[in-house]
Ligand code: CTP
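This document starts with one chain, in the form predicted on its own, laid out as structure tokens.
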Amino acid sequence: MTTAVIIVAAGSGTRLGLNRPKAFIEVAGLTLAQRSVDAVREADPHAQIVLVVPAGQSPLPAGVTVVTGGATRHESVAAGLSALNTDVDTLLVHDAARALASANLFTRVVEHVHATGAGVVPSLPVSDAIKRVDVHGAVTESVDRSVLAAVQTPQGFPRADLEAAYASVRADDHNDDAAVFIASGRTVHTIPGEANAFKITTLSDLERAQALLVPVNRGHRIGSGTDVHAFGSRRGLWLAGLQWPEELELAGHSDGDSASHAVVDALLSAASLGDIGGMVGTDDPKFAGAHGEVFIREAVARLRAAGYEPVNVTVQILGNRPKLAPRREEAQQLLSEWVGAPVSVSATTTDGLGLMGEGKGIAATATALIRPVD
């Protein structure tokens, strides 16, 4: 059997307020009309596609039959009917504004037309409470929503029957093809529709379509962190996960390990999970004197709970002391074990400038690369 699809794309789109026909507005790089054409071609590469457009519209999708639409939807569909190939026996009518309707929906409509010999429309149950109101907006009665359905396109029909319906039914009395078909005394069945086959009418609808087609980036992400601590008065420095017994400790509620804390902030920020202060607080007694391992492992656990894992981390220590080079490899191995990914450690001085250059403390900056995981 031979199928044709009339795609109605002649609307002005005034409610969108973008000063061009709605079907030729782009969403995620393609016009609504092109997206509808692509769905038809995916469902049936051999189907005839008739695109009904405003006069003078360009550019147009390639490989389609183009006709000029009328002042009403009924007139536009009638124009599309006049352009059908003679061998077409199954006909679908689709609104280009429902540009996210899937190829599968087109296929299911065609299959049900073949199986029933009747008209077929996709539909969704009505979930909102429905009220009948008067001209002043006052509620006059409640409507039983269990007997209601919200219908979509594509709507499918035997070609000869739809042509006969359009020839016999007045144009101004009905707002879709199923209504015309029923008014001519013929039967229309429903099949389950698709939530994404909603009609794009307003800017919020356009934004919804954009969000569905271009989801939030779940690729690799980068975060950075910085931590600074002043020296205390006692010996026993903790830095990069290692203890340096002869160096002055860094003052802080925990062990003051600037390098480890910077790594934590870099990991958390990459996944938009805040910072170390928000993770453990700055004065919780159970973290008094806690070492960097506690914080790094907790950050990695939170990262994984959010659907990410570390790829690698770099951390640079800024200060005059201690001398990192003799223990660099030891620090990298330890931090890599805690993070579960390679960690590189480097150090530099500030040429005598600032808190670190004056020997009053140590700072560290870190950068973390993470990736999504199942």
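Start at 1 with the first residue shown and count on from there. Just so we're clear, the structure is a prediction, and the values are computed from it rather than from any experiment.
Not on display, but discussed next: the form predicted in complex with the named molecule.
Novice: Give a yes or no on whether each residue among 236, 323 and 357 has a heavy atom within 4.5 Å of the named molecule in the predicted complex.
Specialist: No: none of 236, 323 and 357 comes within 4.5 Å of the named molecule in the predicted complex.
Novice: Out of the stretches listed (189-197, 297-305, 259-267, 88-96), which one is close to the named molecule in the predicted complex, meaning heavy atoms within 4.5 Å?
Specialist: Residues of 88-96 come within 4.5 Å of the partner.
Novice: Any of the heavy atoms of residue 72 lying within 4.5 Å of the named molecule in the predicted complex?
Specialist: Residue 72 belongs to the contact set for the named molecule.
Novice: Check residue 370 for me: does it contact the named molecule in the predicted complex (non-hydrogen atoms, 4.5 angstroms)?
Specialist: Close contact is absent here: in the predicted complex, residue 370 is far from the named molecule, nothing within 4.5 Å, heavy atoms only.
Novice: Should residue 19 be counted as a contact of the named molecule in the predicted complex, where contact means heavy atoms within 4.5 Å?
Specialist: Close contact is absent here: in the predicted complex, residue 19 is far from the named molecule, nothing within 4.5 Å, heavy atoms only.
Novice: In the predicted complex, is there a heavy atom of the named molecule that lies within 4.5 Å of any heavy atom of residue 361, even though the partner is absent here?
Specialist: No, residue 361 is distant from the partner.
Novice: Using a 4.5 Å heavy atom cutoff, which residues in 294-326 contact the named molecule in the predicted complex? It's fine if the answer is none.
Specialist: Residues within 4.5 Å: none in this stretch.
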